[in-house]
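One chain comes next, on its own, written out as structure tokens in the form predicted alone.
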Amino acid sequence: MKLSKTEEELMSHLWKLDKAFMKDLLEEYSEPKPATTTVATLLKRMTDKGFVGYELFGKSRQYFPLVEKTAYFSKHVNGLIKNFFNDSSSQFASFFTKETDLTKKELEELRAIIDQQIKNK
């Protein structure tokens, strides 16, 4: 299941905080901050989707992520590779390195990461 753009933004705040009450989440937004009811609606939808859990403290809820950030983005990157690059990681890597404005240093860092992964296999 996928999060909407606004849900992803809220989820990124929750991943950053790890555990948060509504007021904590609202503080993470820049101005103009969304309405409390908007964030509450997003949290309800994200809870229903299985992305967010909460613990009750009296009438307050402390929210926490049920899905790790790396797991969420890994699933979506793999979907992107499957849907747009014929399930070919090398086509994705070729596109990524040619079409993004990477510096020579960034390309060398990528090479080092790939070389390390090759050693680990």
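C-alpha atoms forming the largest set that superposes within 1.5 Å between two forms make up the rigid core. Quick caveat, the model's predicted, so the values are computed rather than measured. Heads up: residue numbers just count along the shown sequence, starting at 1.
There is another form of the same protein, the form predicted together with another copy of the chain; it is not shown, and what comes next is about it.
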| query | I118 near another copy of the chain in the model of the complex, any heavy atom under 4.5 Å? | reply | yes
| Applying a 4.5 Å heavy atom distance criterion, does I114 contact another copy of the chain in the model of the complex? | yes
| request: Give a yes/no on whether F96 approaches another copy of the chain to within 4.5 Å in the model of the complex, heavy atoms considered. | output: yes
| request: Considering only heavy atoms, tell me if K23 and another copy of the chain come within 4.5 Å of each other in the model of the complex. | output: no
| said: Contact check in the model of the complex: Y72, N83 and E108 versus another copy of the chain, with a cutoff of 4.5 Å between any heavy atoms. Do all three pass? | reply: yes
| field | Stretch in contact in the model of the complex with another copy of the chain, which is absent here, among 57 to 65, 88 to 96, 30 to 38, 43 to 51 (heavy atoms within 4.5 Å) | value | 88 to 96
| query | Superposing on the rigid core, does the Cα of L80 end up 2 Å or more away between this form and the one not shown? | reply | yes
| query | Cα of E106 displaced 2 Å or more between this form and the one not shown, core superposed? | reply | yes
